[in-house]
Each structure stands twice: as C-alpha cells, then as structure tokens.
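Considered here are two forms of the same protein chain, supplied as structure tokens in two stand-alone entries, structure 1 and structure 2.
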Structure 1
Amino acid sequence: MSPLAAARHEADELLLGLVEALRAAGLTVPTDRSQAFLAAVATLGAQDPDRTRAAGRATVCAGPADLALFDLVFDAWFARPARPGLPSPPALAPSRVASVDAVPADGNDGDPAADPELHAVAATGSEVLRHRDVALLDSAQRRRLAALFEALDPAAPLRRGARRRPARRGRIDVSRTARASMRQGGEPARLLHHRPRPRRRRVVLLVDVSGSMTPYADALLRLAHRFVLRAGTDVEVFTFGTRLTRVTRALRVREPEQALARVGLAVPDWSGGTRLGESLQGFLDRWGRPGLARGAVVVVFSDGWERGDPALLGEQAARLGRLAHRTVWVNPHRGKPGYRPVQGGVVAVLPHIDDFLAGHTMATYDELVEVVRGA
C-alpha cells in the first residue's frame, strides 16, 4: 500500500469508527449514508474538523433531532486520544433507553398458552368485553382485548380533491370528450363526464400518557397503532404529558407488542403530570401551524386534568379549532355514570371542539373510528 493510500485508509477507519459510535448512540446510519460521508470527506480533504463536521451533518443526519446527537458524538469522538479503540460512547446511550421499564403494564408477561386464566377468559364473551371499561380489565382480558383491536378497521376520511376523475355523471370533461371525438375523425362523440377525485384527509392523534391516563394508555396506543397500520401515511401520532413526542414512526411496525415497546422507548414522560395547554401549544407551533393540523381531523385523547393554566389551554384549543377540519376530544371518563364536564381543562376546551366522545371501552373505540371515517 502506498503511503498516501495508507493515510487515506486510516482516515476512513477513523470516520467509520465515528459512524459506529453514532449507531451505538442510537442514530440509524445505513451503509449508503456512511459511504456518502467518506466520499464527502474525501472530496473536501480531511484536515479541517469544521468541514468534516459539516460533511457529516449533511450526509449522515436526516433531521434536526439527529443534528444535536451528531454534534455530541462527533465532539466526543474527536476529543478521544489518538488511537481509537472500539466505539464506546455509553455515556450517551442511556438517555434514549432509560424508559424501557416504564412501558405500561400490558399482557406481555410470558406464554399465553400456559396461562390458566385463559380458559376463564374464553368464557367472557367478546360482546361483554366490548362494553367493559378497559382500565378495569385483568391481564388476560387485556390479551383478549388486544385481539379485538385487530378487528378494528380505521380509515382516513375523504375530502374533495382538486383533481378530477372520469365518472358517469358530473361536469362535462371537455378535453376527454374532444379527444374521443378526435378519435372518431371529428365526429361528435358521446359526452364524457368527470368528478372530483376524493383524497384522503390527514388524521392526527394526540395521546395523553400522563399519570391519570396510565390505565388507558395501552388501549389508546393500540388504537393508534391500528390507525397507523390501516390508514398509513395519512396518520400522525403524538404522545404528550409533560412534553410532546412524535411516535408515528415507532408505531409503523406490524406487530402490536413490538410497536408498543418501540413507543415505550421513544416516550420520555410516561405517567408524569399533564401540561395540556403547553403540550398543545408545542404541537401547534412545531407541527400544527406549519401544516400538519391544517384541514386534518385531530383527535385528542385526554381526561382534561390540567396542571397548568386552563386559560392557555382554552387559547390553544381555539387555535387548533381554527386550523383543523374537525377536532375530536376523547375522554375516558365521559362515558361513565355520574361524569360531569367540570374540570378546568375540560371546560376550557369544550367550546372549541366538534365532537366530545367517550373512550373507555372497545365499543366507544368503534364509535370513534366511525366518527373519524365520516369526518
């Protein structure tokens, strides 16, 4: 190997080590991205650390969240003594996986077949289960319920699109009629019609995972998972409590248990307090106003126990109401006997929403799916 090639090789190894360290810190770096990184640094020459950093940010990162992590790892990596051993940035990793244990209890404990309770559960008719409050179920019933979720078939509602498609009735499609007539040598042809092509409307789900909602978090996330699976790219899911987390990607795996585990990893604020107003404001500032909520059906799952200022919540709910096509509030306590909407948060929000639904049983989830489909 020539001295130049050897130097090149060493530089590449250093960079690939950095890529490994980034992966260890939780960044997804596919091979083609790391190749692009090497190519970019080779183009620039590896002398200048600032440029190497710029090249890395451009080739390895895929979003603003990645950039901060990249900088941390980059600094740690190049601050190390000259001979890098194995990548070992464990100092960074824990923050991303700290909340594994905090996944809400679900039926994920051991082999279902070995569970003696299962037979007893089989006797509980699914019709009965559909009307049971999901917060009061035991673990076996929860497993049965998980199967019921499989049968839910949520869909994004349709809206009128700008483009048109051929139809039997509707406005006359001048250009197609003319073309048809051209095909017949200019003889007058049958009149052809077209109608607006319906498009799917975006659905945004905001799931409260704060302490007071813990008994419902599992069921609501399963519901959200069904939405993501069935209505695909038209659905966005966020969780909130003390802070807002986008979990759409985490939910985008077929297996429900796996999806819930991934959400568990992603969400830092399980079972904390609720700052509903601030969370909503965060959502609107960061995602909603730039376009995510515009014309969408926004479903908020929360019991409305607000620790913060209800006035802020009311203000944000009004903003949401102006942006969204339809806002749906799902409150698990709504369907229970004796419930009255008197909590500060609920009172602040009620004037600005279109639907106020219950959300404590399977039957109410069916209803929600219908409301969203028809929105």
Structure 2
Amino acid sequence: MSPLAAARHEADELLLGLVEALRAAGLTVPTDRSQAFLAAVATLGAQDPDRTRAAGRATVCAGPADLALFDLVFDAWFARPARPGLPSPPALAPSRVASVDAVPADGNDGDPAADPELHAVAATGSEVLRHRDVALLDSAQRRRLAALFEALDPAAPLRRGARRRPARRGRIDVSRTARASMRQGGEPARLLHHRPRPRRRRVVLLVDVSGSMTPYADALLRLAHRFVLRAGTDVEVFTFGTRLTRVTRALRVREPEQALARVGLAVPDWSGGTRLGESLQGFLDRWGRPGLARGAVVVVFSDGWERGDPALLGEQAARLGRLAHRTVWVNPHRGKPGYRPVQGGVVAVLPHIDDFLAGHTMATYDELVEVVRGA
C-alpha cells in the first residue's frame, strides 16, 4: 500500500471509530451515512477539524436533535474541551478505543478522554489491530474490527470490452473519420481514434465454512459482504463445507449484522466437515462451466484440510484454472510463522492457482483487495 493510501486508510479508521462512539452513545448511524461521512471528509480534507465537524453534522446527524450529542462525542473523541453548560463527554467512546491495544507503553491507562493525543493513540490501536490474527480477538476487538471493514473499498477488476469509445489516441476510427470527411464535402478530415471500452470482470468468492475455518468465517463473510456492496452485480459468493450454498442474495442487505444473520440461516453445513473436491466439482458443474467462472477472478478461502480425495481436488482446481481468468487461494495459516504448505488439499491445488495469499489479519485482507482490483 502506498504511503498516501495508508494515510487515507488510517484517517478512515479514525473517523469510523468516531461513528462507533456515536452509536455507542445512542445515535442511530446507518452504514450509508457513515460512508457519506468518509466521502465528505475525503472531499473537504481531514486536516481542518472544523470542516470534519461540519461534514459529520451534515452527513451523520438525522436532524437538529442529534447535533448536540454529535458535538459532545466529537469533542471527546478528539480530546477537545466540552462546551460550557453541557454534561461531560461520555467515556464510552475513548474506552472502546483504549481496549484495542491502545494502552501506552509506560502503562498509563488513565482516562483517554483527557489525553491530548487521543486521536493518535486511536490510530495506533487500529494499526495494531490490523495486524492481529482475527481468530485470537476477544469480543470487544471483534466489534472494533467489524467497524474497520467499512473502510475497505473492494472493486471488480477491469477488462477490455468488445465495444469501443472515442479517444485521442488508439486505433483509427475509420467510420467516424469517413463520416466527418463526407460532412466536409469529401475534403480530408482530421483522423479520429477509438479505444476499447473497459468492462468490469466478474469476481467469484468461495468461502470455506467447515469446522476448521470457523474462527475466520465471520471475518471472511464480512469481507465478502464488502465485495458485494461495492462491486454489486459483478460479485457472486458461495459457501462450502460438505455442500455448496449460494449466499449472494443474503449478502446484498446493507447492514452487515443482518446480512451475516441471513447467511447463517441459509447455510446448512456450518462448522461441519470439509469436502473441497466435491464442493468445487459441484460449483464447476452447476455454475462455473456454464459461465459464472469463465473469465472471472475466483477467490477460494480455505485452509486446505480435505477429508475427501486430494486427487479429485487437484483435478477440479485444474478445471477451475482453465476456466477462470485468475485463481486466488487464500489460506488463513499462510502468513503465520512456521507454516508449511504440506496439507494434502493445499499440495493438490498449488500447481493450478495463480496466487497463494494469507488471510488471517485485516492487513492481509487489504492485500487481497488490491490483488483482485489489479487482476
């Protein structure tokens, strides 16, 4: 990630922390308002606190009754003195941040609201959380991590389309050039050019929800939810364990908690066994070969613990590799110290995939988003 992108990401995390604090203080902030807040601050610039406050009041607050509470939490979050005549800032917002590894190195765990560098501490806590294994987080850290997913901006990669559009450079557009010449009575006209019109490439996500993947299933489905929200109809999501389930429609609900609840009701083999080869074969026979995987970027989230025949998994991975534009395998153990790809399922698929990525921290999910965007 470039330094500019990293700075933007940290600013988004800080603002999303403010949104979480507002929710904790009793303000109703739907996801679309929090996204509008981030977009407004990105437009106005995050260096000016007054502009940030104005952007928040305009986008986060639903009416005049919300403004006073917003100002209180905003002042507490950025460690500003509360306005005279108003009660003390709620301590919930900063304490939530402090719980995320934000305790200073000297052990001083005093009231973060009085810390003039609270925003820097919050950013540091978020940065630490981004590199934590999501399977080892406690409930408070998981709630904080859920807020960080709102800062992810996945996008479907672009490909060359069959249609063309006018351009300053590129191949000569003979038809348009000839018509322009005819309008001038046959006099030579300026050469006109055109270039292929880019189209978005389909992205297919296959999420392993078997027992060995249970600690990562919540985070992976939140990641899939962001892909569905941001890339729209160009994304399809399936879960698999002992059977394949299409959950794209369930993930189209904007609120993450509601979307995950609907997925939980739709998936019958949650935390069960793993039959990777049969599940992948079912996907290719019913959905992949007819067109869903053809030319698409297919991302498989799995640790590769196969209870079936690894040879079958290898055959299906080879089929997938021939159909898809790019095949990405995301293993939550890939980035851990001492990991070796010796599992039967992993050994079977490695010759047939394009990327083998880690998938156990927020930072690795950022890397995956960039790999898919550039595929």
Partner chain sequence: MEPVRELESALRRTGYVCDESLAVVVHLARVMHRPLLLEGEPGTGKTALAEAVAEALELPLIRLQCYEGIDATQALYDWDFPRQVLHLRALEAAGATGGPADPEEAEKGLYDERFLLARPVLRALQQSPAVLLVDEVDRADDEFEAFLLEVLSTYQVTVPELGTVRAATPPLVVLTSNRTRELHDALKRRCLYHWIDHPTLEREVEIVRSRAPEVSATLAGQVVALVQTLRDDADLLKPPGVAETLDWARALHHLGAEELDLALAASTLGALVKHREDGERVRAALARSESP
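What we label the rigid core is the largest C-alpha set whose atoms superpose within 1.5 Å from one form to the other. It should be emphasised that the depicted structure is a prediction, and the values quoted were computed from it without experimental measurement. For numbering, take structure 1's sequence and count from 1.
Each of the two structures shows the same chain on its own, and it is structure 2 that derives from the form predicted alone. With the core held fixed, the Cα of Ser271 is displaced between the two structures by less than 2 Å. The two forms, fitted on the rigid core, differ between the two structures by 2 Å or more at the CA of Arg33. After superposing the rigid core, the Cα of Val253 is displaced by less than 2 Å between the two structures. The Cα position of Met182 changes by 4.4 Å between the two structures once both are aligned on the rigid core. After superposing on the rigid core, the C-alpha of Leu22 is displaced by 41.9 Å between the two structures.
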